[in-house]
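The chain below stands alone, shown as structure tokens; this is the form predicted alone.
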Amino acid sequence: MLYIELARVYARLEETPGKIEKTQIIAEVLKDADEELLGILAGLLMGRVFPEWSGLELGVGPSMLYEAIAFVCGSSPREVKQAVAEAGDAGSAAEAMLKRKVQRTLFSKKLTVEEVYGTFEKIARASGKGSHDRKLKLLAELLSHAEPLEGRYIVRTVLGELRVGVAEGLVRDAIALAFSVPSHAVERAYMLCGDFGKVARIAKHAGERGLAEVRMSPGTPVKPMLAQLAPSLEKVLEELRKAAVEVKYDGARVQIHKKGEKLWIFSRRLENVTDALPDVAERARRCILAEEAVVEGEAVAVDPETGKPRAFQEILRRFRRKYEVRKMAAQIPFEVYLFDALYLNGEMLIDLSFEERRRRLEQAVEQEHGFELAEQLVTSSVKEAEGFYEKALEMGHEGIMLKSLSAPYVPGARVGYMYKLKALMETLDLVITGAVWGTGKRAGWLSSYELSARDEDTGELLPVGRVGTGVTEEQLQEFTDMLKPLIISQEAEEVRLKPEVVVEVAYQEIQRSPNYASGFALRFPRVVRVREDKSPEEADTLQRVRELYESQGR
């Protein structure tokens, strides 16, 4: 398939507002694709080159991209930045500059989707000394062969801002439509293997029966099941009658996979962090008795002097570490508390009740200090649950989880039978999509950060407010260092940012607002912490903002 054909599909999707029409367009493309192409098209249609868990990422920031555009178009990076600022979009700016390009490459060729994907893969795999120059050369070569319309979408894909209004839900429904299979079967298969390309191939060749046979496999992470905010202890226990009450540990969620001697540890973002956590890996090999297993838990950094959990940022220092990991492990030791088993010795457990999964987990793990099962109380008594809650807070943790004993595990879903009760108001995880260069005392720093929530239907990030208060000078410097390389364009003091940084935000209340495209605004927001364990795809959705808005005052 020529890439220009895919670019024209992107353009149709961008011009088409309706979800039904978009779904039909995608379904037509998938239905006509051959085996190899089908494996990569589903992701590319969402602007996603690789599955989240693959460990591959392009690693190209706006500055490198602008350098490549400048080289191909015979201009300077400064001129590219100016063009982006005028167009308001790097893709449209690249398209306009490629149209003005005087001389085409002597041996210019027609790009195929497979070739573009292959180049992206080479860019992602470039590492070590000289990797910057190799990435730049590959990117420039790709753009030199691109037609203007192709350039628009290559640039947007690199920046993670495709802007065609396609998210997971539409691709799921398009696969279902293209191959006449139920949408729920596509959803379940995707949640278990994490690759829409693979799901599309199975749906095409084996239909609903093939999708039903998709199984979890150690080494391939599944999206975690998420909890609802508890309205109150009384209401949750009234609904569940009897619940498993567990400590909500103040740590980072981990998914541990074991297959014989092989062991993988995945973060909440489904990133492979095994090499960064050698102490956890050693305990897991020792304590998980099953030959094959997928278990979930929370990794907590505990202060040895106080016994209380350390700051969340300390945990992330471990997850990000690439060098001297043993030294860091000694400085910030982890304790792991397991709370669920999803797979044991060839048997997928997600359809079993939580009570049964917990029993299987207890049988599959030999506990030792630092690698234990989450503390649990099974009760129908509000008084007992309150006592457990107070104990969790005294331990320095966030609160408690309340789980239905009879419920299954649904990967990637925020279910109505698992609740969290925290001491603090429920926060939102939002993406920083813009900022303003400060003046006066804040001159030289990026501040007043635009916060956006994700439209779960289109994948579009829509602003819900700005935050600029309560940030120290040290934090301003940290945020500026983190966000400056992500600047896509600038107009006056306002900058647009590559959507990459997720922050946890507290607020006084949520209001309806015509001033933001989302229709909502946060009142008195403040940044609690950077959520480096979350990707923009995992940011809270507009639906979540709406739910919290509607639940206010209850």
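Numbers follow the displayed sequence, beginning with 1. Here the structure is a predicted model, which is why all the values come from computation and not from measurement.
Just so it is clear, the following notes concern the form predicted in complex with a small molecule, a form of the same protein that is not shown.
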Review point. Closest heavy atom of residue 95 to the small molecule in the predicted complex, within 4.5 Å or not?
Key: no
Check your understanding: Would residue 191 count as a contact of the small molecule in the predicted complex, using a 4.5 angstroms cut-off between non-hydrogen atoms?
Key -> no
Review point. Hey, in the predicted complex, is residue 298 touching the small molecule, heavy atoms inside 4.5 Å?
Key: yes
**Study point:** residue 342: touches the small molecule in the predicted complex, heavy atom cutoff 4.5 angstroms
**Key:** no
Check your understanding: Which listed residue (152, 257, 403, 357) meets the criterion of a heavy atom within 4.5 Å of the small molecule in the predicted complex?
Key -> 403
Review point. Of 227, 113, 332, 136, which one comes within 4.5 Å of the small molecule in the predicted complex, counting heavy atoms only?
Key: 227
Practice item. Would you point out which of 342 to 350, 379 to 387, 239 to 247, 433 to 441 contains residues with a non-hydrogen atom within 4.5 Å of the small molecule in the predicted complex? Key: 239 to 247
